[in-house]
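What follows is one chain in structure tokens, specifically the form predicted alone.
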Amino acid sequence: MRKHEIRFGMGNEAIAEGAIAAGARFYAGYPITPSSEIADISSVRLPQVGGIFVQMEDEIGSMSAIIGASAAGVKSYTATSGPGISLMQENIGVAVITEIPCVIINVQRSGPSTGLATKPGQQDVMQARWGAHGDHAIIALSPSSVQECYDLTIRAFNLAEKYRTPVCILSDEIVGHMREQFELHGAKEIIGRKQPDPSMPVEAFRPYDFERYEDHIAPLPPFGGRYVYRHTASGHDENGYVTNDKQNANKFIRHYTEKIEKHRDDIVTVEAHCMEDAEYAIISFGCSVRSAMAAMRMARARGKKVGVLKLITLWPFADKEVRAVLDRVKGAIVAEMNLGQVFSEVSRHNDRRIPLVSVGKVDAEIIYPEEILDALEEAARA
């Protein structure tokens, strides 16, 4: 790859290239529509940069493999779709409790189960947040263009390393397969893994002693190196030893959420379009943003002051940003290809009880701008 190379390609290609630009050198996965191109491209590109590609027997093994590779010090990722994410959930929980960074790409399709395997959907929003059992937070990013597939993949790896956590990319079939011009610009910032102070005696190192550090993120040296320690999926103390102590459980379970929630301002990203004078807002994410933007332009051509709030970070949810929009407009539309998963989150912040209309579409076709315009008319009449 040349610096600042311009390419015309699909979102799945941009994701694979973004992972390599971020320094990822290990992929384990199992092919599944509509994400298979990520595996295909990674199988060619990773060996070219000294990386390793492994096609696993299933998605359970895929998630296990990237956890192991990341623990050994290699940035790792996998890609799948909804049914594969379902199989990965137990091991996503393992990555959470062991605080091992990795990136999980979900190119969403219509569900449940096998559903409409080749058709688009945005039905895995709540699965990304709540799929793995137990209390914890998660980071999930949603690209709406091919360029964002590249850029957000780099950001996903940076966030994973910074907060020692799995990060999800919630793409979708439309964004994954559409083709646009995008720039392979490398990465302006690559966050490396936080390492122990070299002067720290080996016997003093504690892999989970997060309270010692100002950001509450403990360093993570490569497993099997100078620092000898253990990972376990059971409740553990600062040394990684299994314990059922109630005070220890309280501390660590809160930590898995607080290390994300306390850094919302660093993690949460949105884009506001024409919101300065907007009387009505369209809130959307992923492929549906493209229809929202078209509807906004059509509405403004008719003299209606409409803006778009684009959610780039889905989890943690953009509470502050959504509330600020709802506090100043007359009504809002939430456009998404599901039955209101983000709409339910937006509704929690509707303190003024302004008209909220859900455009929740599940017929496996993209939302059309005209459908959003109809919803805007409904909000105006309410």
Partner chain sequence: MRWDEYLKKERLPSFWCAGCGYGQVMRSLAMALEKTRAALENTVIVSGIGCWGHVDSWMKPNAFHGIHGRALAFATGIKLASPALNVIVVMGDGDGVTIGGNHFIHACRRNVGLTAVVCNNLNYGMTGGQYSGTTPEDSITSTSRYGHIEQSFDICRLAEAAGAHFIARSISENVVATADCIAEGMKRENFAVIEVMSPCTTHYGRNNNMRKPIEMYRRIKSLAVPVGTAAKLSSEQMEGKFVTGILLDRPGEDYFTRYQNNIKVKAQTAAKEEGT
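Here the structure is a predicted model, which is why all the values come from computation and not from measurement. Residue numbers count along the first chain shown, from 1.
Another form exists, predicted in complex with its partner chain; not displayed. Remarks below refer to it.
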Note: exactly one of 302, 246, 226, 188 sits with a heavy atom within 4.5 Å of its partner chain in the model of the complex, namely 226
All three of 115, 129 and 370 touching its partner chain in the model of the complex at 4.5 Å, heavy atom to heavy atom? no
Does any heavy atom of residue 51 come within 4.5 Å of a heavy atom of its partner chain in the model of the complex? yes
May I ask you to check whether residue 274 falls inside a 4.5 Å heavy atom distance of its partner chain in the model of the complex? no
Does its partner chain come within 4.5 Å of any heavy atom of residue 57 in the model of the complex? yes
Would you check, heavy atoms only and a 4.5 Å threshold, whether residue 67 touches its partner chain in the model of the complex? yes
Partner-facing stretch of 316-324, 330-338, 346-354, 43-51, counted where any non-hydrogen atom is within 4.5 angstroms of its partner chain in the model of the complex: 43-51
Taking its partner chain in the model of the complex, which residues along 90-121 bring a heavy atom to within 4.5 Å of it? 90, 91, 94, 100
